[in-house]
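Listed next as structure tokens is one chain, alone, in the form predicted on its own.
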Amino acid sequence: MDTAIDDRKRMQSNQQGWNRRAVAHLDSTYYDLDSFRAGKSSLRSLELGVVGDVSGKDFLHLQCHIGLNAISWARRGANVTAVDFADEALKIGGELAKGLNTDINFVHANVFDLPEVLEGSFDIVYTDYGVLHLLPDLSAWAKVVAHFLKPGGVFHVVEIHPILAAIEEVGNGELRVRPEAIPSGPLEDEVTATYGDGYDDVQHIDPYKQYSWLWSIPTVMNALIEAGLRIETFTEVPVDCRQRFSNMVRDENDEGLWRMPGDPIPLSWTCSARKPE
């Protein structure tokens, strides 16, 4: 069978699973919708520092899930279009935005199909936290990013560090490097729970098959370069968007970020790339 057809089927399985996750996330410590509705921003200092001022900018948020960050960027003055492949997630995002009197253009699409269903170009294209591993083809993805950027526009990604795939917790907060090599993918896992903010805040969901691809940071950056973008900034930082291991503690300067005692390894990375004028 054609690899592209196989990958489409894998992404359809992921889509079904992320619809299940979206419903579970209505009552999630990670998303904390009560606080969000009361005015709390979902954005952390990490992504705010990377992206900067968005006021008046045309802003495309790829793989937005239930839309909290998209809404938060709109609250900061951006003209936001937000995209996701999970229709249940977008339904939740649309209802949240409407209830908060925030104007967001939500688009239901697989990111690879986006040029067929969305017109226009943007000052900023953005994606964050746990999205790249759901993409089977980084070259095609980077071309979509470049397609939607205006000349001079900037793409920003804030992502979980791939080094975490090589680390496992073996009990009592002890971490070790996995003894086996990790294949790049597609990896197949049966998912029965979804994440929360804290280590023990998982929620059980109906099981589904999730397929993922472990991309190295150079692979991501090379895909962006090959799509015609110019890398401007890259950072690795010792903070994470949630408590992934039991020994992690909240960052004293940002309650939305977590870190390991001693900051022994990078936990997230960021990159900004510009489309030449």
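When you see a residue number, it is the position in the sequence shown, counting from 1. Being a predicted model, the structure only gives us computed values, none of them experimental.
Note that the form predicted together with a small molecule isn't included here; everything after this is about it.
Tell me which of 142-150, 197-205, 167-175, 105-113 has residues with heavy atoms within 4.5 angstroms of the small molecule in the predicted bound form? Of the stretches listed, the one contacting the partner is 105-113.
Considering 134, 191, 187, 163, which brings a non-hydrogen atom within 4.5 Å of the small molecule in the predicted bound form? None of the other options qualify; the answer is 134.
Might residue 86 be said to contact the small molecule in the predicted bound form, defining contact as any heavy atom within 4.5 Å? So residue 86 counts as contacting the small molecule.
In the predicted bound form, is there a heavy atom of the small molecule that lies within 4.5 Å of any heavy atom of residue 59, even though the partner is absent here? Contact with the small molecule, no.
Determine whether any heavy atom of residue 94 comes within 4.5 Å of a heavy atom of the small molecule in the predicted bound form, and answer yes or no. Judged by the heavy-atom cut-off of 4.5 Å, residue 94 is well away from the small molecule in the predicted bound form.
Considering only heavy atoms, tell me if residue 30 and the small molecule come within 4.5 Å of each other in the predicted bound form. Yes - in the predicted bound form, heavy atoms of residue 30 and the small molecule come within 4.5 Å of each other.
Establish, in the predicted bound form, whether 138, 218 and 270 all lie within 4.5 Å of the small molecule, using non-hydrogen atoms for the distance. Negative, none of the three is within 4.5 Å.
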